[in-house]
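Quick heads-up: it's one chain on its own, the form predicted alone, in structure tokens.
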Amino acid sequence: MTKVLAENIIKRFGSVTAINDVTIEFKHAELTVMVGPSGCGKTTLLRMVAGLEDPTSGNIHIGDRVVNDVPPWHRDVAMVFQNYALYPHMTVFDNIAYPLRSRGEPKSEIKGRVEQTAASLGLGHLLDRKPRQLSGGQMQRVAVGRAIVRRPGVFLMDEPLSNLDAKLRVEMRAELKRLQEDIGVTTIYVTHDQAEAMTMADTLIVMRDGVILQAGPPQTLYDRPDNVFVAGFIGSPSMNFLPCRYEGAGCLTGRGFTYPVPPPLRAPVEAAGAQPLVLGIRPEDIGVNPQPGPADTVLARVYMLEPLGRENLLTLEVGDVMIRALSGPDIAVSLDQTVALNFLPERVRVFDRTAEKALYPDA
């Protein structure tokens, strides 16, 4: 059983704190994805698990060992980097076999394991080729094969798909997810692509400025974000935010709109009082009515219409705030038209604007 624990990790580069007192467990046999903007600390944390960086303070545990003073080659980890780092003069077979030869494995053992690994990655017919004869996706598979052929206790992946085109990325992330489930190795995966993170993760970790803002199952972070940053970072298109206040009478009021507080949120909103709030709603949870009536409380002006085939992406102006909504292709609207917006009450989220924390009835 190989779990990884980062315990009270602080990492400083001179006066810059890259990781600020992070404690997180990466569970055995799960695929944990760390996501966040560039510079949030996710790659630095991964490199400390690998042994390529030393923590300023705190401990890295792999299995039952504290590995702070253990060199990378004795940590039982394998890493796939953003660039493939293949040996150009070696064949696919030799690239995959390299870690086993370095450990002095018998030739018969090497041949069997390389062929088995190559077959699982769809590389069996390419073993005699050199990297320059491969496509980007094939080179990425070779890099993965070189890592897993060692049968490590922990598999580390640092944005391994970022050099691939969009279509190939979608295909490869499905393959990597299936491969991880088949081999059952504890895997830590770093990406800045939230769609990649959502589709691949068993556990999703969102980081910003060297701290973990929220960790849990991807759907939980999508449905119940702890704060404004997570709500805006997870989901594509991202969640809309409308500044507002609660001024009594059961309604949130912002520039150009009023909205009745959904009953489950009434207690925490009333407890927040008159302090600045933010109403959050995802584009897919907004209904668009091209013919508003007198009772409609959220009116918007159509600023832009982007047909996407099965749906339309509308950019709408509510007061002085631009938001986005997804509508069916059969809803006909034109630029500058006034429409009514219907928010699904159960999907509305309200945040404290100052603390950026979500208000929930059971918080």
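Residue positions are given as counts along the sequence shown, with the first one as 1. Quantities reported herein were computed from a predicted structural model and do not represent experimental measurements. The term rigid core refers to the most C-alpha atoms you can superpose between the two forms while keeping them within 1.5 Å.
Beyond what is shown, the protein has a form predicted together with a small molecule; the following relates to that form.
With the small molecule left out of view, the stretch that reaches within 4.5 Å of it through heavy atoms in the model of the complex is, among 292-300, 42-50, 66-74, 313-321, 42-50. Taking the partner from elsewhere, residue 192 is found to have a heavy atom lying within 4.5 Å of the small molecule in the model of the complex.
Taking the partner from the other structure, the small molecule in the model of the complex has no heavy atom within 4.5 Å of any heavy atom of residue 181. Remark: residue 105 does not count among the residues lining the small molecule in the model of the complex, judged by a heavy atom distance of 4.5 Å or less. Residue contact with the small molecule in the model of the complex: residue 344 places no heavy atom within 4.5 Å of it. Shown here without its partner, the chain carries 13, 18 and 82, all of which come within 4.5 Å of the small molecule in the model of the complex through at least one heavy atom. Proximity to the small molecule in the model of the complex, defined as a heavy atom within 4.5 Å, holds among 284, 94, 159, 175 only for 159. Relative to the superposed core, residue 238 undergoes a C-alpha shift smaller than 2 Å between this form and the one not shown. A displacement of 2 angstroms or greater separates the C-alpha positions of residue 82 between this form and the one not shown, with the rigid core held in common.
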